[in-house]
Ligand code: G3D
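To begin, one chain is listed below as structure tokens, in the form predicted alone.
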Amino acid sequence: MLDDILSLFRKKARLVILGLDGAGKTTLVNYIKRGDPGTTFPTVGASFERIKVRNLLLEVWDIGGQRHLRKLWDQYVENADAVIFMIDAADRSRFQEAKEEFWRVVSLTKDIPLLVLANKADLPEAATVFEIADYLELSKLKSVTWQVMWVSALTGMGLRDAFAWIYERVTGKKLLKPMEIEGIVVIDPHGEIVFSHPKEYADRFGAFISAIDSFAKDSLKEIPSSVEMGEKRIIMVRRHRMTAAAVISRGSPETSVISMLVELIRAISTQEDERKIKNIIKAMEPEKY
């Protein structure tokens, strides 16, 4: 009863979550609401939950994604304050179908904030944020406030950042600090530094990160996702037998850092041209967030 009374004094907003069947919409709502993905079944029609983010009470509608239910999307988007569109980043066979439905949603949103969540980022075959953005042609979105994020509704990765973004767009108040990356180092399977930004970072932290990587391979079998360093934090990821690490300020949105490190490894391992790698680095600059 107290919670109901307090809700009268909170700002309310209507959040609609859309996406194809199997994209992970209900799993996301379960994790945010209960801290656990739970056991889910295909949503028949729509389900409703209330989720508190600071002083914002989100009225969340999870709408079924089966083809015959997508006609319901229109009426829910019409009264929404923000929309999340989820895509299964590991199921490339449905990217085209997702793209068609995404752009239909865009035609309904007008100036509503639109957050694209590339779900199942915990799977090694998941497409990166850059790949999803390119495939959906998000650069064509001109009059819509939008963002794309890498998340895992199963593990909770990125969900805090996602709902912070929704909160900020609805209330105009900041929850997350801007992303501040001090430096980046990428190490090959032999422990050699193959990339660093800025260049002198190879000397400053290269040996330390290489030692962590070597110890993890020998003793832990997998690298730690983060290492605390006072007011800083090292975020580490491993893909294609390479390890990438970024030193960031505490409070920076870690999911964005992780997704960009994965994209950087992919670009280096596939020998992308230098311009592509520079664009990835440029996307890490604080003014982009």
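Keep in mind the model is a prediction, meaning the values are calculated, not measured. Don't overthink the numbering: it's just position in the shown sequence, from 1. So that the term is clear: the rigid core is the largest set of C-alpha atoms that superpose within 1.5 Å between two forms.
The following text describes the form predicted together with this ligand, which does not appear among the structures shown.
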Heavy atom within 4.5 Å of this ligand in the predicted complex: which of T243, S259, T27, S252? T27
Between E131, D188, E168, D122, only one gets a heavy atom within 4.5 angstroms of this ligand in the predicted complex; which residue is that? D122
Just checking whether E272 would be counted as a contact of this ligand in the predicted complex - the rule being heavy atoms within 4.5 angstroms. no
Might A153 be said to contact this ligand in the predicted complex, defining contact as any heavy atom within 4.5 Å? yes
Proximity of D62 to this ligand in the predicted complex, heavy atoms at 4.5 Å: yes
Answer for I265 alone: is it within 4.5 Å of this ligand in the predicted complex, judged on heavy atom distances? no
Can you tell me which of 75-83, 101-109, 114-122, 206-214 lies within 4.5 Å of this ligand in the predicted complex, counting heavy atoms only? 114-122
Superposing on the rigid core, is the CA of M260 displaced by 2 Å or more between this form and the one not shown? no
Core fit, then V237 C-alpha moves 2 Å or more between this form and the one not shown: no
Rigid core fit then V247 CA moved by 2 Å or more between this form and the one not shown: no
Are V60 and K25 closer or farther apart at their Cα atoms in the predicted complex than shown, with the shift being 3 Å or more? closer
Relative to the form shown here, do the C-alpha atoms of D88 and V60 sit closer together or farther apart in the predicted complex, given a change of 3 Å or more? closer
